[in-house]
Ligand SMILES: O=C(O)CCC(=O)C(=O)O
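Just the one chain here, the form predicted alone, laid out as structure tokens.
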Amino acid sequence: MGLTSAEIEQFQKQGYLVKEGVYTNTDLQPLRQGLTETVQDKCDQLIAEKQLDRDFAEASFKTRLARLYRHNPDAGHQVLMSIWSGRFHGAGMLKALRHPPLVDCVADLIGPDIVATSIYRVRPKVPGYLGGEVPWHQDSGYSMSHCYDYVMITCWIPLVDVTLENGCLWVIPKSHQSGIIRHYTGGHAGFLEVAPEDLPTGAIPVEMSAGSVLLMTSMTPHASFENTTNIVRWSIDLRYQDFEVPSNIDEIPQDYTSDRDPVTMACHPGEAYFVIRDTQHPERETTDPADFAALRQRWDRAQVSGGGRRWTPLSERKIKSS
């Protein structure tokens, strides 16, 4: 597939780009199926523990979690946590990460040799679940500060059509050119958050069809808000970089000791990195779902020293008087 010269120019100038039709419905089905199976496993566990009395298996992929959460919010929260963020590494995830049309688009922005990170996220935005709203931030806000000057690409992919009503992403065009913005810890639902007075103007909503891809720089401010419909706004976001960006490939979690110099660390310590495309040494690529799952689990279980930049807590924010 790849990008046209006009699309590359838009990405560079605006800090984002929507590419239609990167995944077909058939392409997305293994991921939807894997997520459905994981939801079912957690429901089975909760039913066995008598914390849930029905699993809503008869409902569609779009509505099941909404109905479950409305029926039993506590159990619904536990189901959400079983797949939230990067916890899911089941069937379909590696295939989605390695999807050739997407990788071709990324290659047109950063070059042919590509590393992915396990900072991918699964985002089921359930109606009424406030933890699904993500405040304004830049992805670089979560990274080590020595990585700010590197190009890292976020690919946000809806598994259902996304609209203003069900919580599409918002972006602020061109603001990526100004670099990192001050973030605060302890924002909505525990996320990092850019304060309103520090946020650039010009935010726009990005409505998209399922299988399209929103490509953003790691400096592009973005957010998503309330889902006011009765369906779940399912999405995933995947992150890519080239070989020059710091990673932990060929390292183990135990290499991250408390006395290690932060500038030698991967941009996101504690998250597994893996090769998606290596034109010189294709044998380094992660192609086996079992190897991928084992890599994720090894890093997920570890307590890795180091972390992102230490921002000021939102509770200590000082607003300048006018």
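All values reported here derive from a predicted model rather than from experimental measurement. Numbering starts at 1 and follows the sequence shown.
There is another form of the same protein, the form predicted in complex with this ligand; it is not shown, and what comes next is about it.
Q: Consider the chain as shown here, without its partner, and state which of Met152, Leu169, Leu215, Leu159 has a heavy atom within 4.5 Å of this ligand in the predicted bound form.
A: Residue within 4.5 Å of the partner: Leu169.
Q: Consider the chain as shown here, without its partner, and state which of Gln241, Asn72, Ser247, Ser224 has a heavy atom within 4.5 Å of this ligand in the predicted bound form.
A: Of the listed residues, the single hit is Ser224.
Q: Check whether Ser235 has any heavy atom within 4.5 Å of a heavy atom of this ligand in the predicted bound form, and answer yes or no.
A: Taking the distances in the predicted bound form, the answer for Ser235 is yes, it comes within 4.5 Å of this ligand.
Q. Do Asp108 and this ligand come within 4.5 Å of each other in the predicted bound form, heavy atoms counted?
A. Contact with this ligand, no.
Q. If you check in the predicted bound form, is His183 within 4.5 Å of this ligand, heavy atoms only?
A. The answer is no: His183 has no heavy atom within 4.5 Å of this ligand.
Q. For His99, is any heavy atom within 4.5 Å of this ligand in the predicted bound form, or not?
A. No, no contact at 4.5 Å.
Q | Interface stretch in the predicted bound form with this ligand - options 171-179, 88-96, 198-206, 124-132, non-hydrogen atom within 4.5 Å | A | It is 124-132 that comes within 4.5 Å of the partner.
(Q) Only counting heavy atoms and a 4.5 Å limit, does any residue of 133-148 reach this ligand in the predicted bound form, and if so which ones? (A) Sequence-ordered list: Val134, His137, Asp139.
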